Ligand code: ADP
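What follows is a single chain, given as C-alpha cells, in the form predicted on its own.
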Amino acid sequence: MSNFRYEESVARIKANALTSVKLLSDVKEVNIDLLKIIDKNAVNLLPEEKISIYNFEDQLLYCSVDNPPEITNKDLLHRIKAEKEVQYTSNDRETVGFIYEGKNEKFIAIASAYDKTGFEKLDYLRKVYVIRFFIALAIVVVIGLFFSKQALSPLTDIVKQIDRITASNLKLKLNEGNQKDEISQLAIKFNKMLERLEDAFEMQRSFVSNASHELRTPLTTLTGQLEVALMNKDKSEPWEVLKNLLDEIKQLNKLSNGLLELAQANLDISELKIAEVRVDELVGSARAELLKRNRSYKLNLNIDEFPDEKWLTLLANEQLLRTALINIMENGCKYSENTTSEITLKFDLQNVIITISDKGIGINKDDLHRIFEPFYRSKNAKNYKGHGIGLTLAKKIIYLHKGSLKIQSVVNQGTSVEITIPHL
C-alpha cells in the first residue's frame, strides 16, 4: 500500500512538471507569470508543490513558487543529466527530476511535493486495518473458545465420569461414544484398564481371603493340639502331639516361604541379582534338592543331546528359577501314584525348552484357566497337601525371565508342563 501511494504521488508530480515544461518550451504565448498562474490553479495540484525548470547551462528559467532558492543544487542537476531521470524522498517530500527535449533546446525539470492526502489515506488505512485486525482477532478468539469447548466437552464428560469411579465401584465404565475418534479410543483403553484393575483387585481380595484361611488352618490346629495336650493328664501322648505339631509347623513354614518368594517374583527383573547360569546344572540342582526333601520321589532327567555350551547358558536369578522348577517337579511327583516325573531338556536357536510331565491325576478343563491364581486348587487336588501358590509362583518367575509356561493336562492321564526360556 505504501509503495502504491509513492508511485501514484511521483506520477502526479511528474505529470504536473511535464505540463509546465511543455508549456514553457513549446507554447510561445505562455510566459513565466502566466505559467505560475496556471500551475497554482491546476486541478491536480499537490500540497506544497514546487516546480523548477533549468536550461542545460544550469540556469534557473522558471520556479512555481514566489521565492525560489538562490543557490542551485548543481549535484542534482549533474545527476539528472547523467541518469536522465532521478526520484527520491526526503522528509516525506517526493522529488522527481528529468530531462525534457523541447523543439529548440533541452530542459531539466525538477518537481517536488508533499502528498498530504496520500499520507492521510495511508494512515487511515493503517487504523482501519488495526481495528479490523483486533475485531477479527476477537471473533477468532470467541469462535475458538466456542469450538474448543465443543471439542473438549467429551473430555470434560470423561473427567466427570472418572471422578465417580472408586475402588469400590470399578464396574462403572466410561461412555465410549462412536468408538471411532481419538477420544472414544481413549475411553475404550481406559475401560480396558479398569477391567484389568478390577481383575487385580479381585485377585488381591481373593489372595487376602485365601492367605488368611491357609494361615488360620495350621494355627488353629496348633492351638487345638496344644490345648488337648495340656488338658490330657496322660503323659504317654506328648511324642505323637509333638510330631503332629512339627508337621503343621513345617507346612506353615513352607507357606510363609512361598508367600515371600511370591512377593519377590513380583519385582522387576532389574531389581534382582542376575548372572549366567547353566541350565543343565540348574535342573540337576533342583532335582537333587527335591529328592533330598522327599526320598520317595523319582525324577528321570533326559537330555536329547548336548548343544553348544552357549545354548546351555541363561541369564537368570538362580535361586528364583530353581524354586520355580522345584515347584513344578514336586507337583508332578505329588499328584502321581508312582510319584514319578519325567524331565526333558531340548534346545533351539533361541530358547531352552524344559518339559516336566507325569502320569498323575491331571487337571480338569474347567480349572486350567484358574490354576495360576494364588491359593486356587483343582477340585481333584483337595485331598493332597498344598496351598495353591506353587504354579502361581512358577509362572511369575518364568515370565520374569522373559519365558513362557504352557500346560497340557488330561484328567487321570497326566500333565505336561513346557517351560521356554531364552538362552544366550
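Quick caveat: nothing in here was measured; it's all calculated off a predicted structure. Throughout, we count residues from 1 along the sequence that is shown.
Beyond what is shown, the protein has a form predicted in complex with this ligand; the following relates to that form.
Asker: Find out whether any non-hydrogen atom of residue 358 is located within 4.5 angstroms of this ligand in the predicted complex, and reply yes or no.
Answerer: Output for residue 358 is yes: heavy atoms within 4.5 Å of this ligand.
Asker: Whether residue 389 contacts this ligand in the predicted complex should be assessed with a 4.5 Å heavy atom distance threshold; does it?
Answerer: Flag for residue 389 set to yes.
Asker: Is residue 63 a contact residue for this ligand in the predicted complex, using a 4.5 Å heavy atom cut-off?
Answerer: The answer is no: residue 63 has no heavy atom within 4.5 Å of this ligand.
Asker: Using the partner position in the predicted complex, report whether residue 331 sits within 4.5 Å of this ligand, counting heavy atoms only.
Answerer: Because a heavy atom of residue 331 falls inside 4.5 Å of this ligand in the predicted complex, the answer is yes.
Asker: Within 4.5 Å, heavy atoms only, one stretch in 305 to 313, 116 to 124, 140 to 148, 331 to 339 touches this ligand in the predicted complex. Which?
Answerer: Contact-bearing stretch, as computed: 331 to 339.
Asker: Counting only heavy atoms, which residues in 124 to 155 are within 4.5 Å of this ligand in the predicted complex?
Answerer: If the 4.5 Å heavy-atom criterion is applied to this ligand in the predicted complex, 124 to 155 yields nothing.
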